[in-house]
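First, one chain by itself in structure tokens, the form predicted on its own.
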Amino acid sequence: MCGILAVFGCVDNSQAKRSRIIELSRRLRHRGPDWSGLHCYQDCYLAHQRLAIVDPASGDQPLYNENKTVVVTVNGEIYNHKDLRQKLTSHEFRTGSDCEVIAHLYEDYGEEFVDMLDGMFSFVLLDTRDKSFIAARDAIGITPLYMGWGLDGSVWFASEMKALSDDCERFMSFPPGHIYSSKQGGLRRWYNPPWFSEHIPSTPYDPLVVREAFEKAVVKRLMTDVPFGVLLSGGLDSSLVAAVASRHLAESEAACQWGSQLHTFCIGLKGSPDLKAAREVADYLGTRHHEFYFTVQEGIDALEEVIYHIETYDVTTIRASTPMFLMSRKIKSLGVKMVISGEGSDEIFGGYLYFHKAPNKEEFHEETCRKIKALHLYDCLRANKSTSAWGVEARVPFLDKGFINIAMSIDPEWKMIRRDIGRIEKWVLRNAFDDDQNPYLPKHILYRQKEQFSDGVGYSWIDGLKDHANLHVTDAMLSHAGFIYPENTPTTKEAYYYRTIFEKFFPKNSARSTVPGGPSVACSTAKAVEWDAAWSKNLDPSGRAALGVHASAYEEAAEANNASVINGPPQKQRGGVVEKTATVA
């Protein structure tokens, strides 16, 4: 991942202003430690902090068209850049960068080219011929982007809030799938897939179509000129990413440079469910596996730094970001700059345990749509900023545009959790890769129960966070929370503790408004809390809060003695709950 900063319409364009832009861009250097670039044109500035993944030697930014009248600063990867170059034969390319196509596409197609891009990206483009500019963000919001306004009439864009929060009177998260045009004077949506309307689809489920689409999504993300690996928790999603990547790595260009043995990475408290499951998957696939450990205290010590980097006070996001942040530092120390991860599957297929209580296929599908639309505020934010904090890029094949279109066109009746016929959560994905002739994964891994990352690294992690917050937040402080924090008022001591740290770094109203609020259970939206009356009394984002569904639900924790998550294929299921007598993963 790179870091971008762009400012247009500054009243002051002195040397002091240039120095200030450089200073603010430097706040993003963790995202791009490999090189810095700045283009100034009158009262317009485009800055870039580069993490070199494709064409490290010559792809420095900002990038230009042939006569440098079009300037672009980009954060992201354009996976179909070679195909796009074939449509731009009249242009001269100066670099091998995948992002250089953007300037030339703009020349040939105007502002309507964004949907031609297959990848993850946030970019800002300046046309110096008329001083117009555009900014755009990828379909789902895998890459972060913020937009702000200065008192002098200036317009700002930045990869992270910290680069513009001090100098903008107001700022916001740039909406995914949108483009801002100075010519048209506002935002408009460029990404308009069929599922966005939330109409109920009716396409029959075809497991081979799902499998082929996902394999294609993984393979295209093997595009790299630097060492890479896969984040492997041992759960279904990351295990499938690793299985597909390891199958196709030998035939990829990356194998010519970095070898055909896939590297995998996992982190957890010693004895955690994820570590054991990940090791088993790695052994099965024959990957070179790297296992990292952290203690609860090490995680707590990192909290302030984590919140500064991920720029949120959302409880679930902080719980999961901390181990990912620590793991990314270890990964970078090994010389790895890119990782492939499994975010997005639970939103697309209804994998969170609360989906067990979906009353019908209509509400099931509408909830998956709501979850995908909000990914940029949660899992995409976590995956991107936790890794980018250490100059590592995370790629997410489940959020491939083509794969999402296929997966979200399936009649949601197939995604419903059916206790009567043994379908657990994400059955359509599990079944698509359930190949007895040429198995991708062991059966009990393929059918392992959903485990949220913050749970899977070790249950005592969340318990330790709560205990720590209880030491720092008194009952009186929490009782007055509505007066101190009237917007998105924290309702637990843990949430209050995170909020105090966030406000220290980002004290403006605009900053706190970038974070969503509302009740949630096991990562549900507020609407889905209505599916079970008991949930309103147990509002906690952990998967264990899905009472009666998770094998280690809070109400059974004492009896289970903090047992590991129980795994088992569909035939081991009883009454919607995986049997406790199944084999421990």
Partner chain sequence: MCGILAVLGCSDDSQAKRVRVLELSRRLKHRGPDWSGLYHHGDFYLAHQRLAIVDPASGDQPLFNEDRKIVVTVNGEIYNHEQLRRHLPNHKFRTGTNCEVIAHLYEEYGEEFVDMLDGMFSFVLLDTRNNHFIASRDAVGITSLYIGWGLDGSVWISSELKGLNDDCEHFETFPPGHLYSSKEGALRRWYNPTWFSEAIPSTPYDPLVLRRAFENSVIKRLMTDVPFGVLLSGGLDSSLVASITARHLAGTKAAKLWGTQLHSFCVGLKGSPDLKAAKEVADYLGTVHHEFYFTVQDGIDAIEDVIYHIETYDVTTIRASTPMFLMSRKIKSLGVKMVMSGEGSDEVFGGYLYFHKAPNKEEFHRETCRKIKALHQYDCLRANKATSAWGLEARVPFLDKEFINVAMSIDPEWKLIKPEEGRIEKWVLRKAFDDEENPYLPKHILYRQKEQFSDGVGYSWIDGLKAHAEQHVTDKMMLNATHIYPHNTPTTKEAYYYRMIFERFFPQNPARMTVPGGPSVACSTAKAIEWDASWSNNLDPSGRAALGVHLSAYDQKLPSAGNLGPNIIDVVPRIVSVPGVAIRS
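The structure displayed is predicted, hence computed values, not measured ones. Residue numbers count along the first chain shown, from 1.
Absent from the display: the form predicted in complex with its partner chain. The rest refers to it.
Checked against its partner chain in the model of the complex, the residues K183, R188, R94, H472 give one hit for a heavy atom within 4.5 Å, which is H472. The contact with its partner chain in the model of the complex, taken as any heavy atom within 4.5 Å, belongs to K337 out of K426, R221, K337, H376. Across the options 328-336, 137-145, 80-88, 278-286, residues that bring heavy atoms within 4.5 Å of its partner chain in the model of the complex belong to 328-336. Mapping the unseen interface onto this chain, E169 falls outside it, with no heavy atom inside 4.5 Å of its partner chain in the model of the complex.
Its partner chain in the model of the complex is approached by Q49, whose closest heavy atom lies within 4.5 angstroms of it. At a distance threshold of 4.5 angstroms between non-hydrogen atoms, E23 is in contact with its partner chain in the model of the complex. W35 belongs to the set of residues with a heavy atom inside 4.5 Å of its partner chain in the model of the complex. Taken together, the three residues R18, E305 and Y497 all lie with some non-hydrogen atom within 4.5 angstroms of its partner chain in the model of the complex.
For the stretch 285-307, the set of residues having any non-hydrogen atom within 4.5 angstroms of its partner chain in the model of the complex comprises Q297, E298, D301, E304, E305, in sequence order.
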